[in-house]
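Here's a solo chain for you in structure tokens, the form predicted alone.
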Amino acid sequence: MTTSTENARPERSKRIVDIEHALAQVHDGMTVAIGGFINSSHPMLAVRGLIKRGVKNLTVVGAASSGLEIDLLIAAGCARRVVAPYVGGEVLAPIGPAFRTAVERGKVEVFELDEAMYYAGLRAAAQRVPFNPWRSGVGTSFPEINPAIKTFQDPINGETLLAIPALNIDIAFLHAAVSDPYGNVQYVGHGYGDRAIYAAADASFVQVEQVVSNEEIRKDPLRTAIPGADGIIRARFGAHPYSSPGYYTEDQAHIRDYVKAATAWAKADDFGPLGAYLDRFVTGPADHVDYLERVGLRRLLALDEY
């Protein structure tokens, strides 16, 4: 005779966590990746949380084209080293003002590489090998500027190639449209380079605008970009002031306010406006809702895509 316990089906493990649980996994000196693309899809709830916790000496792996979320981490003193081919806000800021200033003053080290090398490094990390062989860039000054990139002789054909070191990531923070409770994440649109970051990271936490049922995910399983995040964080408007495709556009006025404050530090060595911005929108808010209230409901609702 079987018991009800013996007949019970095992329950799937839900991956929904709060932001504090995710942030508690990060410690000084770790390598942390931040997903998204220039002015879109950055996990800003996590970025502000890292700053508020006072984490230091991070190696920050940005996107192939990072936005000012990396600039903000630099301005707050969290980053020691930056791995990203680009840090800026396009027309809103051709180059991140805090990024440029910190590098020029020797406060932040830059791991020089181009976008193709960036993805080669992520691929090596995902494959758990020390480097990825790469032909493009042979004969350039990349190995001189970045000693971590090595030239070597291919043992098969004897040609000179570059060895792009693996970009090993301890923890990745990403932002997407939806996930089910079990960590199956789907984007609206492309999802940029987040898939490659996820594959290279030891652990990934994904903010989403909405948690949906597994049945909803299984309606179109080919859209599932991340099939098992370590943690899912509910974060409506969690990418603000950047866009979240399918939900809202970037808040250009807010981004310009940040750029103005960071530029005052860069050009006049005046940290006052930047400190005021950090106090009002990063360290000051008690939680995400408090942050959104400081931004203002009217402004948030005005960020329509059409």
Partner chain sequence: MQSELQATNREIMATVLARDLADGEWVEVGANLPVPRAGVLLAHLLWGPNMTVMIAMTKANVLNEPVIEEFQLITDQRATRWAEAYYLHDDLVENMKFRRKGVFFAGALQIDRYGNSNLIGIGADYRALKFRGPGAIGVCNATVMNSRFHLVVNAHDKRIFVPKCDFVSAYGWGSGGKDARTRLGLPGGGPRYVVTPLAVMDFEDESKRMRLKSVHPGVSVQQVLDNTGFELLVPAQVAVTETPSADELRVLRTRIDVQGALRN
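Numbering follows the first chain given and starts at 1. Since we're looking at a predicted model, the values are computed, not measured.
Separately, the form predicted together with its partner chain exists; it is not shown, and the next lines address it.
Just one listed stretch, out of 141-149, 70-78, 232-240, 205-213, contacts its partner chain in the predicted bound form at the 4.5 Å heavy atom level, and that stretch is 141-149. Using a 4.5 Å cutoff between non-hydrogen atoms, residue 125 counts as a contact of its partner chain in the predicted bound form. Contact check for residue 246: a non-hydrogen atom falls within 4.5 Å of its partner chain in the predicted bound form.
The closest non-hydrogen atom of residue 85 lies within 4.5 Å of its partner chain in the predicted bound form. Contact check for residue 103: a heavy atom falls within 4.5 Å of its partner chain in the predicted bound form. The candidate spot formed by 99, 115 and 190 lies fully in contact with its partner chain in the predicted bound form, as each residue has a heavy atom within 4.5 Å of it. For the partner-free chain shown, 11, 12, 13 of 11-32 come within 4.5 angstroms of its partner chain in the predicted bound form, judged by any non-hydrogen atom.
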